[in-house]
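One chain follows as structure tokens, the form predicted on its own.
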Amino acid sequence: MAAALTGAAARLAEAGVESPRVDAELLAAHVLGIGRGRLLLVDTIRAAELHRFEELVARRAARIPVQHLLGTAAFRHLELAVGEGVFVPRPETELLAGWGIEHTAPGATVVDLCSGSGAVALSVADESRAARVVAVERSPAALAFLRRNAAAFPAVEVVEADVTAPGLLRELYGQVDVVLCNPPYVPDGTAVPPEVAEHDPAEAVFGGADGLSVIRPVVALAAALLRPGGVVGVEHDDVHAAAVPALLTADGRFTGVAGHPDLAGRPRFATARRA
């Protein structure tokens, strides 16, 4: 087993995979049906298992996302179903979700815009005592994964809609406690890894020429949805450290605008409180 893992990691490294050893171990654990931490206890691997492992390594070397090969993506305490047509949630978004959870009081109403697989919405439902979590997504492919992932969370309501649509969720205006959003925000034309360019849906990645085409209407929608004292958190590109807080400030309905870095120290999300 050790030799197979070493060879797989070397192949993935040569292919330009960012975390070759981790991905090799994840694929091996998947094939063997065990937790990754138990691989050290495995001395041998059967021929059929080795063949399947090598097939998966070859596909990962072709830069198919490891989450697509596993069929799931880990996010905070959840394992989410993912695949072609839905954005694979990233570890940095766990920080936005965590901020949202910290600001969700028992009985709160939370809205997650651009919900995708449901990573943020379901984490809030899983780790807080929110009474209602509304997850908004427009992509039919993403909605299939969102509904599948949300099935175990009775507090979560899935809404099929475009977050830029005028009057969205009008029945909730002035009643929401927390609004969270991980929108498409990469400026058009930005070079992205093959896993993103070839497998993440472009509509979930790119946000117009400056990356702000979805964030602008989201700021206005959040201001309409939130009750006085309610809070909003919006993830953004690291080039938007000044731009997104400026949009929140310019709206005129928010106070306490702040930027937050990710674990690498890069600007990652902005927050504010409804005046």
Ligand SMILES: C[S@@+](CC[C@H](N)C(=O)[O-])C[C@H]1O[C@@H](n2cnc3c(N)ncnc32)[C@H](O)[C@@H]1O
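Note that residue numbering begins at 1 and tracks the sequence as displayed. Nothing here was measured: the structure is a model prediction, and the numbers come from that model.
Below, we turn to the form predicted together with the named molecule, even though it does not appear here.
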With the partner left out here, check for me: in the predicted complex, does some heavy atom of E203 sit within 4.5 Å of the named molecule? yes
Do V178 and the named molecule share at least one heavy atom pair within 4.5 Å in the predicted complex? no
T104: heavy atom within 4.5 Å of the named molecule in the predicted complex? no
N149, heavy atom within 4.5 angstroms of the named molecule in the predicted complex: no
Name the stretch, out of 169-177, 122-130, 149-157, 182-190, where some heavy atom lies within 4.5 Å of the named molecule in the predicted complex. 182-190
So which of E84, E79, D162, E198 gets a non-hydrogen atom within 4.5 Å of the named molecule in the predicted complex? D162
Partner contacts in the predicted complex for 133-148 (non-hydrogen atom within 4.5 angstroms of the named molecule): E137, R138, S139, A142
